[in-house]
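The chain below stands alone, shown as structure tokens; this is the form predicted on its own.
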Amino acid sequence: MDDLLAGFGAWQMWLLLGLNDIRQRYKRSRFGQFWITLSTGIFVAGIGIVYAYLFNHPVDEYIPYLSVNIVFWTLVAGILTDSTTVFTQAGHYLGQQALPKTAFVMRVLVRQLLVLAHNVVIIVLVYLAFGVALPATAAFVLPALVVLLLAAFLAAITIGLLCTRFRDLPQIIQSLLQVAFFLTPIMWRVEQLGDKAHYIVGYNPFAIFLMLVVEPLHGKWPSWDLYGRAFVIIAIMALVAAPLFARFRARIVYWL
């Protein structure tokens, strides 16, 4: 708890570190940080047209659907991927002075929220291009995003600890994310699975948190059942992350 409070208290540090990470990634680039937007936009345009014809959906309906899903999946996948190196990346800081470990978890969240802010431009442009009106349910994206970030924070602590100790885990997590991409309703709709959707989507944590955020932008009111499942998963994650972090946080420096 001391580490958690100190980490949140050091907001200037993790905010500046997150901003600097994005600046350094695109340093000396002509387009700079808008390469994030450009690369995601090219992916949505290319995949959107192909899969619209593949699934026999109208392009003007499918691309807005896909753009929203890809943008928020990029947030989820980005946080989990960055979590594998959250402490090893901060090794030169942690090796010099005693700093709250949770501050570097917040650094990951800030970095990926900045990526999200760049990618939201794609949703705006796609909606304008295809004449899609912003639904009244769109306001529910904000509370859903808070719930998603809470789960991401707990996941980042657990993944960061385990990946610092076991250096083969990052490759395993990368492979699991690739599988999760196809098992989550990103490029396909839940209705396409029919009665079997419950087994693939209902017990898939990636699908639960993604649907929680994207469904309001698809014009659907948030389901209390979906929120209930999300909070059950968060409670389980907290029961794993809290004792694990309390037990091994002091050993992180020795594992770097």
Partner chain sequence: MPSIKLRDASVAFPIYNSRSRSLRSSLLARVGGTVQADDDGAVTVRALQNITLDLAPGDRLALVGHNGAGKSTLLRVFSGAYEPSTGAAEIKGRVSSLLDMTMGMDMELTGADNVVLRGVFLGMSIAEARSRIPEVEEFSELGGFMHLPMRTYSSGMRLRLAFAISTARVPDILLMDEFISVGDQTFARKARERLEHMIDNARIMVLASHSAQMIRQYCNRAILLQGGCVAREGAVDEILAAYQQGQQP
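Because the structure is a prediction, the values reported are computed rather than measured. Residue numbers count along the first chain shown, from 1.
The following text describes the form predicted in complex with the partner chain, which does not appear among the structures shown.
**Q** Would you check whether the partner chain, in the model of the complex, lies within 4.5 angstroms of a non-hydrogen atom from each of Q12, R23 and Q97?
**A** Yes: Q12, R23 and Q97 each sit within 4.5 Å of the partner chain in the model of the complex.
**Q** Have a look at 123-131, 151-159, 87-95, 181-189 and name the one stretch with heavy atoms inside 4.5 Å of the partner chain in the model of the complex.
**A** That would be stretch 87-95.
**Q** Answer with yes or no whether F8 is in contact with the partner chain in the model of the complex, where contact means some heavy atom within 4.5 Å.
**A** Heavy-atom contact with the partner chain at 4.5 Å: absent for F8.
**Q** With the partner left out here, check for me: in the model of the complex, does some heavy atom of M237 sit within 4.5 Å of the partner chain?
**A** M237 lies outside the contact set for the partner chain.
**Q** Evaluate L17 for contact with the partner chain in the model of the complex, applying a 4.5 angstroms cut-off between non-hydrogen atoms, and reply yes or no.
**A** Yes.
**Q** Output the sequence-ordered list of residues from 129-166 with at least one heavy atom within 4.5 Å of the partner chain in the model of the complex.
**A** Just R165.
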